[in-house]
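One chain comes next, on its own, written as structure tokens: the form predicted alone.
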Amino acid sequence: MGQRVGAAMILSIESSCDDSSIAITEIGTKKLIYHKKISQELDHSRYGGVVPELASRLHAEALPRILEECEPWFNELKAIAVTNEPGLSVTLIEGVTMAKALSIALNIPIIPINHLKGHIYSLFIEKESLLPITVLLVSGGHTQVIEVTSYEDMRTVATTMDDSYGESFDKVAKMMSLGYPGGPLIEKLSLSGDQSRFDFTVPLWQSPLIAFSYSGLKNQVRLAIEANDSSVYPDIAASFQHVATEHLLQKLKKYFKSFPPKRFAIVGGASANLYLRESLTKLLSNYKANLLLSELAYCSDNAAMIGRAAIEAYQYGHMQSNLSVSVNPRSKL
């Protein structure tokens, strides 16, 4: 990704959790000019999950190092985009503080970005958007179905009542002392397991609600882990992954009865799960719906997706002065 002098660009910053990332995107062509991400996974793995204060300190170290590489493009920047919601308050502050400093130094506005919208636009990095679209967002903090008509028109039609899909994988992995992040570890362990070995109950299978819940399944898995030794962990992992995914499929089928999809996408960190991708591909073939997927490199939090969403926000005029941007850790779409 080389330098392009004279083109209008947006610099984007992502620090909502444990990934420090900065990108530069060309507004007119949507070309990703620069992108770098520094993961904190190894630093948090010893604790079995993200430690907010440690994450904040690591962002404070990593973001300035990445920013130094972006100086050649400063004169072409028209705005600074930054994730300001939702996420961990202490890590969001690191990105927003940097954005404010750059906004003042370069005398350009800030574009605050909801990182859930960023995940949706991860589908369209270096591409034109294809809307309307029905989106399943699955991550460590979110499980929801969203009807997307435009950047300004997004409607959540189903969400989780407790744990998220990705969070349940992390917690099951922690119960097994596998490490962090748990999603890829459970998926890998499942490859050598028998998904029919443990007959876990699919959450809300009798409920007419189009909603998600993983707390009960997580408890079933905990009891299975306590009652068995580690030799059966692959079977537990495979059975859990199967039922966790089947829960998503059952609720999507209910929703599709009234709103059959024409175009469907999976986004978010947990959308990298290949078992989930394959299961949804089979389901959607029954509806002859087009399935859109983010590149695996852009499934987890990253600044490239924030920059792509920022192009839409820029075109809608969603710029703010540097003093008016604040963090909203618990914000929704």
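What you are looking at is a predicted structure, and each value in this text was computed from that prediction instead of being measured. Start at 1 and count along the sequence shown; that's the residue number.
Beyond the structure shown, there is the form predicted together with a small molecule, which is absent from this document and is the topic of what follows.
When you look in the model of the complex, the only residue of G118, P112, P181, P203 with a non-hydrogen atom within 4.5 Å of the small molecule is P181. For the residues E85, D163, E94, D170, the 4.5 Å heavy atom test against the small molecule in the model of the complex is passed only by D170.
With the small molecule omitted here, the record of contacts in the model of the complex names 132 to 140 of 227 to 235, 132 to 140, 208 to 216, 69 to 77, defined by a heavy atom within 4.5 Å. Of the heavy atoms in A270, some are within 4.5 Å of the small molecule in the model of the complex. When the small molecule is considered in the model of the complex, C299 lines it closely, a heavy atom lying within 4.5 Å. With a 4.5 Å cutoff on heavy atoms, E187 counts as touching the small molecule in the model of the complex.
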